[in-house]
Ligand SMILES: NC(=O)c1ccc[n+]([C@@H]2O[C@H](COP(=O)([O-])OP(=O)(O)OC[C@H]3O[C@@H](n4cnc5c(N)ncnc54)[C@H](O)[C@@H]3O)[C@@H](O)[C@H]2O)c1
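Presented as structure tokens, the chain that follows is alone, the form predicted on its own.
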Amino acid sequence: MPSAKKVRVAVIGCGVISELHLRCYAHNPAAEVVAVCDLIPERARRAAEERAPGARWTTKAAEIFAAPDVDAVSICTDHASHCRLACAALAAGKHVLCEKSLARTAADLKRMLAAAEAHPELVAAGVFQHRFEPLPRALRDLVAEGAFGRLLAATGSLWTLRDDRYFEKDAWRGTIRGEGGSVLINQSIHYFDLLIWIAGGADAARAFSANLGHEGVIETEDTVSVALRMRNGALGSFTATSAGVRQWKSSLSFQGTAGGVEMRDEKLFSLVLADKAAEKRVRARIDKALAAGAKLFPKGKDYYGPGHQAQIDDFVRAVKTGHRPYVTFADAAESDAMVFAAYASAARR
């Protein structure tokens, strides 16, 4: 039954992504940020003062979990702490929205899923904000409807730049213990997720990975190439690097027996269908989705996209109504599982 009471939220981790969470909660009239938490006192204090006026701050997550005035938490910390914090929050009766990657390892992912299953009365959602944007949803519907015929191949790539200073800024970045990987689990995971999600899901991954541009700086990969087997029989591939000179360049393409579509930097690059009348209808749907996406709530950094507001609104709605969130832990775990399968494959080479 819907409640008139606001959802009282605490944000744990006051780094870069927390700023967007705080802004989105402030924009939602059904939510109120009552507390923020970070291990660094100054960062927690500044977040409370600048992003969540009236909220208290703390350096101890245990205080958040014990607080009776906290209904839900946004976890915006490093990958390695996601499992511990999410499981503790659920055990304390708090609803959870956890940033990507949901977990650092396959074992942590399993524990998080078990914790969510043990508390079906609580909302446990994973952040994949691009799934909320009109264009990815339209592409997923078109593939599912067979607009391109039987899907044959799905391919994606991301070129980005992360210099040495980026990794040196935070000790956990570029480490197995702190991050679990690098370009696949962090910078490119949203596009990896979209490729799999739009194509209808994947059930196997094989990969090669290498550190080609950050030797002596990170212990994880800055370049990766993944081969995927989709559940519907199509084959997929994904390549990403953070060692080039391009700040950001993404691409996704889906090819089927009746035609295909390619997106570059979230814009339509190519659309070809054997049936030209059908091509015109598909183009109209994509144009409509692009126009709708342009009207979404202002985004943070360009590569975050405009989906965070929609996802946080969905999370708040799920907490208030008891309805299922659009991206549950189990939903988010599907792409995470392929990340871990790719890393396990690369480690065997």
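Bear in mind the structure is a predicted one, so any value in this text is a computation, not a measurement. From 1 onward, residues are counted along the sequence shown.
Below, we refer to the form predicted together with the named molecule, which is not included among the displayed structures.
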Q) Any chance V16, I40 and R173 all have a heavy atom within 4.5 Å of the named molecule in the model of the complex? A) yes
Q | Heavy atom within 4.5 Å of the named molecule in the model of the complex - the one residue of L22, A332, I12, V339 that qualifies | A | I12
Q.
Only one of L139, V226, L195, V127 gets a heavy atom within 4.5 Å of the named molecule in the model of the complex. Which one?
A. V127
Q: Look at the stretches 233-241, 111-119, 211-219, 83-91 and give the one with heavy atoms within 4.5 Å of the named molecule in the model of the complex.
A: 83-91
Q) Can you check whether C76 is within 4.5 Å of the named molecule in the model of the complex, heavy atom basis? A) yes
Q) Taking the shortest heavy atom distance, is R51 within 4.5 Å of the named molecule in the model of the complex? A) no
**Q.** Partner contact for S188 in the model of the complex: the named molecule, 4.5 angstroms, heavy atom
**A.** no
Q: Give a yes or no for R317: in the model of the complex, does one of its heavy atoms lie within 4.5 Å of a heavy atom belonging to the named molecule?
A: no
Q: Between 97-115 and the named molecule in the model of the complex, list the residues on our side with a heavy atom within 4.5 Å.
A: E99, K100, S101
